[in-house]
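Before any questions on how it binds or moves, here is one chain, the form predicted on its own, in structure tokens.
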Amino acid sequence: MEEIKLEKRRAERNAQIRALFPDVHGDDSVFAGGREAALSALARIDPPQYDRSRNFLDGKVTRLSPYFRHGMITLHEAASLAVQKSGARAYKLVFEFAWRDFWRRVWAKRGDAIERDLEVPKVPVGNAPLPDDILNGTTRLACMDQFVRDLRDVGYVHNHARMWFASYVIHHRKIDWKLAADWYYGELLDGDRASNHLSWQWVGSTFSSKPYIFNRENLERYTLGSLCATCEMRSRCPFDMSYESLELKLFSNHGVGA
């Protein structure tokens, strides 16, 4: 009954917002706001299932990030409940909560410095501007375009998809990560400057020991092939090679970690 009441109130608020801002793009939020909804979402977490399936786009992720971002629940509350529910089997979920806490502590210590390179990049990175095909989701790569639609229309993107997208933008397209991170942050419903900008730096290797890259095998595994099957670029997929070949392609003769 409470869930029905929450959905009704959310639908009413969404209708009011659409009436006030008819020109704003995007779908109605898939998240119900407020402390009550946050606690309801927290009660549904399943730490062991999260551990087993979190990398899959249809996996049992918590979807708690908007509530953390807007102060509806705390990391301590979430971690405590996870341990209470699952004991040692909550390790991976609590570990991920710890990453969010770490990002916040880095931001508290370094301030606006997180918006520029914290370290020298470990591989060559570019400084190209953001092109329209990235901003509009018209790259013709089904995966990347879907991730942009999720970002623009819903304001929420699965964490694994965020990593794939950032890797494509930074390493394949050689776009300035700072421009991309600022744009991405502005579109997110759960936009947290520390988690967002430092994650982009982690992918780019300006706050990590090596860059994050992926290949088609990885993408197909965790999307169950759903995006690649419909991609018009599937016969010319830029990710369809081994990691060794990708490193040579993306980083020339420098190599990863050089």
Ligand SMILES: Cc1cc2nc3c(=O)[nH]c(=O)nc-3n(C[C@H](O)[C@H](O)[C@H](O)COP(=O)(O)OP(=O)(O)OC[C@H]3O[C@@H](n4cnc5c(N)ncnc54)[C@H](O)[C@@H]3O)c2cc1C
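Note that this is a predicted model, so its numbers are computed, not measured. Quick note: we count residues from 1 along the sequence shown, nothing fancier.
Separately, the form predicted together with the named molecule exists; it is not shown, and the next lines address it.
- prompt: Leu93, Phe97 and Gly191: each with a heavy atom within 4.5 Å of the named molecule in the predicted bound form?
  reply: Heavy-atom distance to the named molecule in the predicted bound form: all three under 4.5 Å.
message: Within 4.5 Å, heavy atoms only: does Tyr50 come near the named molecule in the predicted bound form?
response: The answer is yes: Tyr50 has a heavy atom within 4.5 Å of the named molecule.
query: So, in the predicted bound form, is Ile213 in contact with the named molecule at a 4.5 angstroms heavy atom limit?
result: The answer is no: Ile213 has no heavy atom within 4.5 Å of the named molecule.
- request: Flag Leu141 as yes or no: does it have a non-hydrogen atom within 4.5 angstroms of any non-hydrogen atom of the named molecule in the predicted bound form?
  value: No, Leu141 stays farther than 4.5 Å from the named molecule in the predicted bound form.
message: When the contact criterion is heavy atoms within 4.5 Å, does Trp107 count as touching the named molecule in the predicted bound form?
response: Result no; Trp107 lies far from the named molecule in the predicted bound form.
field: One residue of Arg89, His172, Arg162, Lys178 in contact with the named molecule, assessed in the predicted bound form (non-hydrogen atom, 4.5 angstroms)
entry: Of the listed residues, the single hit is Arg162.
message: I need the one stretch from 153-161, 127-135, 81-89, 111-119 whose residues put non-hydrogen atoms within 4.5 angstroms of the named molecule in the predicted bound form.
response: Among the candidates, contact is made by 153-161.
Residues within 4.5 Å of the named molecule in the predicted bound form, restricted to 166-187 and counted by heavy atom: Contacting residues: Ala166, Tyr184.
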